Each structure stands twice: as C-alpha cells, then as structure tokens.
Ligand code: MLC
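One chain follows as structure tokens, the form predicted on its own.
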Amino acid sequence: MMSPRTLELPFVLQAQGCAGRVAVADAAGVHTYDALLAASGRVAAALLQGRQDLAEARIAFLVVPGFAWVATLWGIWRAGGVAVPLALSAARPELEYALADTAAEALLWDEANAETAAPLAAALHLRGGGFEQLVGAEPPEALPAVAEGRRAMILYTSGTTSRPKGVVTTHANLQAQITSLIAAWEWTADDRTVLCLPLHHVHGIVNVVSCALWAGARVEMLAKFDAVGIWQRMQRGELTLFMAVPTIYVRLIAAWEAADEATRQAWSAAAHRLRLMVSGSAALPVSTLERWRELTGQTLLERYGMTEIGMALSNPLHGERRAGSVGMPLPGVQVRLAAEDGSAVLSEGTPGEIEVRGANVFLEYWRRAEATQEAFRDGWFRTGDTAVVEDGRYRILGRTSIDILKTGGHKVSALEIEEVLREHQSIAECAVVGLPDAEWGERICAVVVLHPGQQLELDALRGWGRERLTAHKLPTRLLVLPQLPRNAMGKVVKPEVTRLVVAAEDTGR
C-alpha cells in the first residue's frame, strides 16, 4: 500500500516533528502524536469514502474531550472538511439548529454520545458514525492538500441578542491565533496542562488544546470538571500551565477552603510551582485575583478575546499584571479604541469601542453577509466591548450594548459597580443590569446571590454603597436570587438577568 501523502497543514507538520512524544492523556490512557496522526488519517479516509476532498463540507461532532475528540477534529480537517464542534450540554433543539444552520453533511459521535447523536443523525438524514467505527477504516493512500485560506471551523456565538451566529475561521486564522499565544506565553514542548473547559468554545479549543499540541506539549483532557481532582493533578507536580474561567477559580478556592490544613498547604505549594495560570472568558473579580494570590502566590494572567478574534489582549507573561486590566495587544494583533462616529480615540482615559484587525480575525458569519458587513468598520472588527487605555493598558468597561448603562445623562460601567458590590460582606455573586426608565434613561438594578444565612435590603445596600460609589452609580432596584443564570463557560447571561428583573417587577417582588 502506498504511503499517505503528506498533508501540508501546519498542525500535521508540527505533530510529525514530535514523533513518539505523548500528546493527550485521558481516561483511557496516554496517546502519542504518532497515534493522533494515524487515527486522524483513518477518520479522514472514512469521511472521504473515495472522494478526493470534502471541499469544505460541514462535519459536526459530539465527542467527549479526549483523544477521540482531537482525532475527530484533525480527521475532519485532513479530509478538507469544516469542523463543527457541538456542545455536550446542548439540548436537542440547539443541536438541530446548529446542524440545520451549517447544512452539515455528517454527524459524528463517540460511544458516550451515541444515544443522543445516532437518532438525531437518522432523523435529519445525515451521514453519521461513531468514532470507534471511523477509526477502524483503512489507512488513507492520499489525503487532499488543504490551502490555509480555506474554512476550517464554525463555532457558535452565545446568541444573547438573537439566534446564535456561526463564526467561521480559516486555517490561517487559527494558525495566527495559536502562534500569537505561543509567542506571548512561551509555550514549549516541555509544557504540561490540563483541560477543564468545554470544547465548543475558542478558550478550550485554541488556548489550551491547540496551543499545547502545536508546541509539542502534553494536554490532559478531563471529561468533566472536578475541583478536588484539579488540585490533586497540580499536586503531582507535572503541570506547568493552567487556564480557566473565573467561576472555576472560585470553585477551586471553595475546595481549598473546605480541605484540612495539611492538604491546603500541599495544594498551595503545588499551584505555586506552575509557571503560568490564566483567567479569561469573563471579567475576573479583583477579589478572586487577590484571594488566589493569597492561596498560591500566583497572580492570574487576565487576557481578552472572543470567538471572532481568538485572543487580542493579554497581561504580560513577564512583568506587572494589573488587577482589572487585560493588558496590551498580543503579537500580530492590531487593537484600537473607536468613538461612536468611528474616529480613533487617541487620548488615554477616554472610553471607546474595542476594534481589532489582523490575521487572527474570523472570515465571516456563516451565511449572514449582512451581519458580517455590520461587524466591520473600515476593515476593523467591532467587538461591541467598551474600554479605556490607562498607561498603555486596556481596561474593559463592559459590553457597549449591555454593560454600558446610560442613567441621568451619565455613562456607567455595570462591571465597575459589580466589582464594588462584591466587596459587601453579604454578597457572594452579583450582576448589574439597566431597566428602561422614562426619567433616567435607565435604572440601575443589582441582582445578587447572598452568602448562606445573610439578608440584604435595598436601603442598606445603598447606604453602604454611598461610601464607595457616586450617587448616579447606586442601584435603585435589588433582586435576590439563589443563583445567577450562566452559560457553559460560566459567563453570566445578562439578557436572562434582565428578564428575571422584569418578571420580578411585573409580579411586584
């Protein structure tokens, strides 16, 4: 049998240079880069079924994080397809929407998801198959050459204001995102990390898995998050990097506080040995950063990015990491602030919308030409986030449409108010939203989760807040909830918070 033709996609060339090194560890054991190349080649051959090239056919998959997930992703790419990673937590209507919107040709799954995926593929008349079946195909004699400008992946945005949009990235976009982070955070083949993030978001796919495998490093992939398990993995002394969302750090802190003194000391010492710990996907509360530093000696590196751009800003690997700051532009990424009229904001301290330009920026919203056009201004992608630059560093004020509230003629950052409210002894979590008001434009509403056994009234909160906030930033409405609505990445879903406030208003709560 002929040897498979070398595929000139960079991730394959990187993997070929890592020979017998371990790439992935999961519940089934350890798997080398050679094993990944062999398995993904077989998946590609099974998908092609004699065709020369999938020619950007969309291939969706529902697979637990691990070796099978990576081999499936790589196999789709090596066959010339566009990968559509689906959320394991998605309800059937959400899966049906993604499959219909992408006009997926096939749906792939692993044994753990067969009960969900196989009937879905049959109902929608999609070509389907389990990983175990695909990886049993004959090795390929040849695979297509895939140009870097071709579409590689479609990820769906959270859809907070409308139905989710498919964000299309090319192989070149992904390469730019990955290599920028490898340069900034100095990934090497000696690094070891653990994945505890879902794999339908750029955070887990690019920042953790893809960066690790591009660098020739090793990534341990967990099927689900377990706080004690994460601490124990740190304690083994193998990890060098850890990346998570603020919610995960809060849970790790809670697990530490519940442990005995000897365990606490061992866990703290273990975390201190890691060379880098990163937080992202949601604003990192200063209180969480400071508590984590107290426990581990680690100052979390906060960065800024989104599905459409990968990562754009980062605090430095070496040097001062400022609380509340997301740092400076990453290598190869251009960032600016723009005023409402589109002109560049040139003076420090003046708010503006973050706009990004570079090879990292996505190609398009899938089959939404008008939305794609509206997302750009003079070649710059409009993030919808408002920030200020202070001493050359960016500080996020909030979403232009969600977190920037206009009350009494003032522009107010909901994130700033949330940061202050978290200092209150009774408040465990909080979200600030605006409600339309004929007199004030918007009323500031605080939605909070209290510590066990605590109570809080609006008058008491406002009295406490007067010493910390100017009058127009004080909440005029307080709603106490048992928990805040969050998405799979732990990010608070502000439109849902607003809906709960409106519902409470209607019922007179």
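Quick caveat, the model's predicted, so the values are computed rather than measured. Numbers follow the displayed sequence, beginning with 1.
Absent from the display: the form predicted together with malonyl-coenzyme A (MLC). The rest refers to it.
S.K.: Tell me, out of A71, A184, V245, V389, which residue has a non-hydrogen atom within 4.5 angstroms of malonyl-coenzyme A (MLC) in the model of the complex.
M.R.: Going through each option in turn, the one that passes is V245.
S.K.: Select from the listed residues V194, M306, A217, L120 the one whose heavy atoms reach within 4.5 Å of malonyl-coenzyme A (MLC) in the model of the complex.
M.R.: Result of the distance check: M306.
S.K.: Can you tell me which of 223 to 231, 369 to 377, 80 to 88, 289 to 297 lies within 4.5 Å of malonyl-coenzyme A (MLC) in the model of the complex, counting heavy atoms only?
M.R.: Of the options, only 223 to 231 has residues within 4.5 Å of the partner.
S.K.: Does T263 reach malonyl-coenzyme A (MLC) in the model of the complex, with heavy atoms at most 4.5 Å apart?
M.R.: No, T263 is distant from the partner.
S.K.: Would you check, heavy atoms only and a 4.5 Å threshold, whether R51 touches malonyl-coenzyme A (MLC) in the model of the complex?
M.R.: Residue-level check for R51: no, no contact with malonyl-coenzyme A (MLC).
S.K.: Please tell me whether any heavy atom belonging to S281 falls inside 4.5 Å of a heavy atom of malonyl-coenzyme A (MLC), as the geometry stands in the model of the complex.
M.R.: Contact check for S281: yes, within 4.5 Å of malonyl-coenzyme A (MLC) in the model of the complex.
S.K.: Would H201 show up as a contact with malonyl-coenzyme A (MLC) in the model of the complex if we use heavy atoms at 4.5 Å?
M.R.: Looking in the model of the complex, residue contacts with malonyl-coenzyme A (MLC) include H201, since a heavy atom lies within 4.5 Å.
S.K.: Is every one of M311, G408 and R466 within 4.5 Å of malonyl-coenzyme A (MLC) in the model of the complex, counting heavy atoms?
M.R.: Every residue of the candidate spot has a heavy atom within 4.5 Å of malonyl-coenzyme A (MLC) in the model of the complex.
S.K.: Sequence order please: the residues of 414 to 435 with a heavy atom within 4.5 Å of malonyl-coenzyme A (MLC) in the model of the complex.
M.R.: Going through 414 to 435 in order - heavy atoms within 4.5 Å of malonyl-coenzyme A (MLC) in the model of the complex - there are no hits.
S.K.: Work out the direction of the Cα-Cα change for K473 and R393 in the model of the complex: closer or farther than in this form? It's 3 angstroms or more.
M.R.: Relative to the displayed form, K473 and R393 move farther apart in the model of the complex - a change of at least 3 Å between their C-alphas.
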